[in-house]
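Encoded as structure tokens, the following chain is the form predicted alone, with no partner shown.
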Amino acid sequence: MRTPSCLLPLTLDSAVLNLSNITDLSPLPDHILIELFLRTLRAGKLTERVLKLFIATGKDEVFSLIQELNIQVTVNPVLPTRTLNSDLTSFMNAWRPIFSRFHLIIVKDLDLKEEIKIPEGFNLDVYEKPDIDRLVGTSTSIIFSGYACRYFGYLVSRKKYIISVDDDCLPAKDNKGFLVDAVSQHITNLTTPATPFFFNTLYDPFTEGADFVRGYPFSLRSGVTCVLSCGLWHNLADYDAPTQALKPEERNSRYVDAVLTVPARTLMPISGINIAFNRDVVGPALLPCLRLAAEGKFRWETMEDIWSGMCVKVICDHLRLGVKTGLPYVWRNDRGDAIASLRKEWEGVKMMEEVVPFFQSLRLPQEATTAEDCVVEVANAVKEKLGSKDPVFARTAKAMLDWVKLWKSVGGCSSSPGA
């Protein structure tokens, strides 16, 4: 039943004036949502935060208006393509209802020889080896191959928010059978505060149907800026090779409808399978710097995202920023032979016993006030405390310093493939 016409204009005008106090517009009927959007635009109230609020509804009508009015969206999905898959037709078509609304960055693995097959109907840029060589050159220790090719997309994007999913993942479905809009959920996570300094037992207090529980200090209820959103996945869990080899038939089928803030000073194995982050604030802290000697092409044969995740979490804690985990889900296809991968990943399994205590004890100086500053401090500490234990750490420390130089020289410049 529609709101009486005489009350609707007054209600919408009041909503325009109070958008700063609204956290969710998705329950609104489409016609009211569109009218509210237009009134907000006419009133000059369409700030970046308010635009994110409308985008988070996931409504096609909103995205159509944004495109028609040429309003710049601050979201950039980055999709890595690796040697295991050059035909992206089924992947892109599965994501079409979601990704067709955005400009995409696709980065071709340096080791991929075949031409990438991409269906029509997408607004995208594809970066290949000549583009990478032109912008980065050969004087750096950074290698954009395998899963690490995605980091080149992080480097060249100019959007505030970046969302990245592996090319073996498809959109998941929720408990009601509806397609999960991973982009909208990630944006919701990033545009609502995180609460890392006091744990809320009723999940994320800024989601619909939740709030702060009794005993939660009012002085901490405003939270802090969330800069990293770590999604989950159905089907093939992100186990290490030994665990996957012991449980070859185990699959994740549970859909937990929840988002949590990861507490401060708590480390976590952040996976690059399904993440989103605020590039403006922590972009330089997501880095492709640790490479195993026998690194392979499957997730359980790599450690770059685990290392990157511990770096960015320590930096977020230092800068008093938030990290969330939980929704959204993606569907992860089966891939690889865990038993065959055991030898390749064993180096990384042993390495974690050295790495975790290092990051747990790491404290950054107060003079480090940006992500770039913090990465330099972490790199220096890695070289000093871990460099003598394994050559991989000395190489990683150097790569981290090279990454900061790259970010400063390339990360702030306008660039496009083939330019």
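Bear in mind that the values here come from a model prediction, so they are computed numbers and not experimental data. Heads up: residue numbers just count along the shown sequence, starting at 1. Rigid core (definition): largest C-alpha set, two forms, superposition within 1.5 Å.
Another form exists, predicted in complex with a further copy of the same chain; not displayed. Remarks below refer to it.
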### Message
To verify the annotation, which of these, D257, E347, D337, D133, has a non-hydrogen atom within 4.5 Å of a further copy of the same chain in the predicted complex?
### Response
D257
### Message
So a further copy of the same chain isn't shown here. In the predicted complex, which residue out of I116, A94, V126, A210 has a non-hydrogen atom within 4.5 Å of it?
### Response
A210
### Message
Taking a further copy of the same chain as it sits in the predicted complex, is I22 near enough to touch it, meaning that at least one heavy atom pair lies within 4.5 angstroms?
### Response
no
### Query
Using heavy atoms and a 4.5 Å limit, would one call L179 a contact residue for a further copy of the same chain in the predicted complex?
no
### Query
According to a 4.5 angstroms non-hydrogen atom cut-off, is Q360 in contact with a further copy of the same chain in the predicted complex?
yes
#### Entry: Distance check, D168 to a further copy of the same chain in the predicted complex, heavy atom within 4.5 Å
no
### Summary
Exactly one listed stretch (118-126, 279-287, 149-157, 233-241) reaches within 4.5 angstroms of a further copy of the same chain in the predicted complex by non-hydrogen atoms, and it is 233-241
### Message
What I'd like checked is whether S64, T89 and S184 together line a further copy of the same chain in the predicted complex, meaning each has a non-hydrogen atom within 4.5 Å of it.
### Response
no
### Sequence-ordered residues of 194-211 touching a further copy of the same chain in the predicted complex, heavy atom within 4.5 Å
F197, F198, F199, T201, L202, Y203, T207, E208, G209, A210, D211
### Task
For L401, decide whether the Cα shift between this form and the one not shown is 2 Å or greater, given a superposition on the rigid core.
no
### Message
Thinking of the 3 angstroms or more shift, are the C-alphas of S20 and D211 brought closer or pushed farther apart in the predicted complex than in this view?
### Response
closer
### Task
Can you tell whether I22 sits closer to or farther from L319 in the predicted complex than it does here, judged by CA atoms, where the change is 3 Å or more?
farther
